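The chain below stands alone, shown as structure tokens; this is the form predicted on its own.
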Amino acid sequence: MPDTQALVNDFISKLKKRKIEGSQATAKQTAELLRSVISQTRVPYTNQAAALIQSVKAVGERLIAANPVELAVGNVVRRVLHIIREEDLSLTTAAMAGLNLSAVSDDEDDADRDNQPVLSAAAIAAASRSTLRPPSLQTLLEDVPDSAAIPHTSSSGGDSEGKSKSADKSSRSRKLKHDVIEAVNELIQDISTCHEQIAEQAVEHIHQNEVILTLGSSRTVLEFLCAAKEKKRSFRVFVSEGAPRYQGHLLAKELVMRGLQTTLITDSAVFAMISRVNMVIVGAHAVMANGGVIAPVGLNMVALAAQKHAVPFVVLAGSHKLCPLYPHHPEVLLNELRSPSELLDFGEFSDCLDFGSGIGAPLLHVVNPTFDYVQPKLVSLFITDTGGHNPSYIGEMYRLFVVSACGEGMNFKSEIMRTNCIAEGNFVKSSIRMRGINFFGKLEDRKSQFFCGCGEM
């Protein structure tokens, strides 16, 4: 079996070099790596869940630091941490219920059974928390096998009792790891099939003779549109080319090969064509806790055009793209800059890139951001592998997720923020920070305060 550390280092190298394309591939490989980490983690007799959580957190922090823009990594790490807590709570509940049942003798009458204490939810939760708490001296002394806690005697009964307790703890340890790995396998399966689950809902949203607009290339959008075509829906697709990478060319070719009527347009023609469109359907890089969307560059323009002409703006996103962080959070990196060579040929612009006389800086600067931020008020509907939801429902779901999944998990400062920080219509665009370059939205009265203190001038 490959060494876990070697697997982690190899995956970190791929993240840093941007060798993994797409949130789905990143999320799936992250889950598979964490499954290997869990399977090779040596779990002690006490605090089994805490040991697994510590191992996953240590690896997760390194993965997120390798590529902060790929939010799917952190999302999967939080999901795995939540899985560990759930499985540990399930085993703890079953163990305590078993002790409660074994204390009741079979020959007791009904009255005696009624007098038996019943475990409350608070007691079960307390037992669950105790398994996650770092071991104290008292718990270490209480949880050691009897053969180590008391002097060893020649009594075979004492030996067998100690061996029995040790075997029970070892069995529970293996049971916890087995259940966690099985749940992670289910998570990997959900990530792998998210496109199909989203595509199954296409017939409910695309109707006969409609005109659909999309931008760039997204496998989720491709499968969604093709699923509607397979259900005998007849419609036309406008594909905005998605400069400067022109991923829309690839999507247009795929759609034509699958028999869909397709029209390729330039990004600058979106406002001219939007009046002919019935619905905008796009993919997403990540969905934030307030319902905002991090999407390929150019989609904010499409969303504004759709709002101007009252065209529904629909976002397709798998559940692995749901991030319990807010866009104004200082730990969230919303953008990254790609190579200037995607915009211009260095041979033709070599003279402009020369350093100016006496100023020590090039005369021409090239900024090539990768993503846009789309405000939640511009989104009409989210379609995920769990169904269709509006942005307000996404926000409420995140508040529950942050409390349950991130309560004692990774220390990524993902606490619940006040929702009044994101006032409706207060800002045109969120601040996007990358390598010291800011793309600012509408400023408040003081230049140093904007979007709840998201950045600095």
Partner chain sequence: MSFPILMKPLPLSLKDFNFIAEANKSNAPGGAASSKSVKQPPQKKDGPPVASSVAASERGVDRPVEKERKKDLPPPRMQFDDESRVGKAKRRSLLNQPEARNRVELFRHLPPHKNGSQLPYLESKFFELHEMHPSVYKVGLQYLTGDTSGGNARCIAMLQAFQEAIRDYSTPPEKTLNRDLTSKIGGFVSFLIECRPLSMSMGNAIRFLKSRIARLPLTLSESEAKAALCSDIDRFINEKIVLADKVILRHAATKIRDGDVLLTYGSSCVVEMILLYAHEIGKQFRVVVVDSRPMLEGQKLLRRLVAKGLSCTYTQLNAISYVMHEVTRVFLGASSIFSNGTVYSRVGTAPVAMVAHAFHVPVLVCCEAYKFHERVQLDSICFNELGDPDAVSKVPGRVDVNYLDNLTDKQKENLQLLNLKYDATPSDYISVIVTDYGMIPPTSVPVIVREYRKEYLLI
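Positions refer to the first chain, counted from 1. Note that this is a predicted model, so its numbers are computed, not measured.
Keep in mind the form predicted together with its partner chain is missing from the figure; the text below concerns it.
Annotated contact segment (heavy atom within 4.5 Å of its partner chain in the predicted bound form): 260-268, selected among 73-81, 312-320, 86-94, 260-268.
Using a 4.5 angstroms threshold between heavy atoms, residue 195 stays clear of its partner chain in the predicted bound form. Under a 4.5 angstroms non-hydrogen atom cutoff, its partner chain in the predicted bound form lacks residue 228 among its neighbouring residues. Although the partner is absent here, residue 290 lies well away from its partner chain in the predicted bound form, with no heavy atom inside 4.5 Å.
Its partner chain is not shown here, and in the predicted bound form it never comes within 4.5 Å of any heavy atom of residue 203. Although the partner is absent from the chain shown here, none of 25, 29 and 59 has a heavy atom within 4.5 Å of its partner chain in the predicted bound form. Proximity to its partner chain in the predicted bound form, defined as a heavy atom within 4.5 Å, holds among 252, 212, 191, 282 only for 252. Think of it this way: in the predicted bound form, its partner chain has a heavy atom of just one of 304, 222, 381, 183 within 4.5 Å, and the residue is 304. In the predicted bound form, 241, 242, 243, 244, 245, 246, 249, 250, 252, 253, 256, 257 are the residues of 240-258 with at least one heavy atom within 4.5 Å of its partner chain, listed from first to last.
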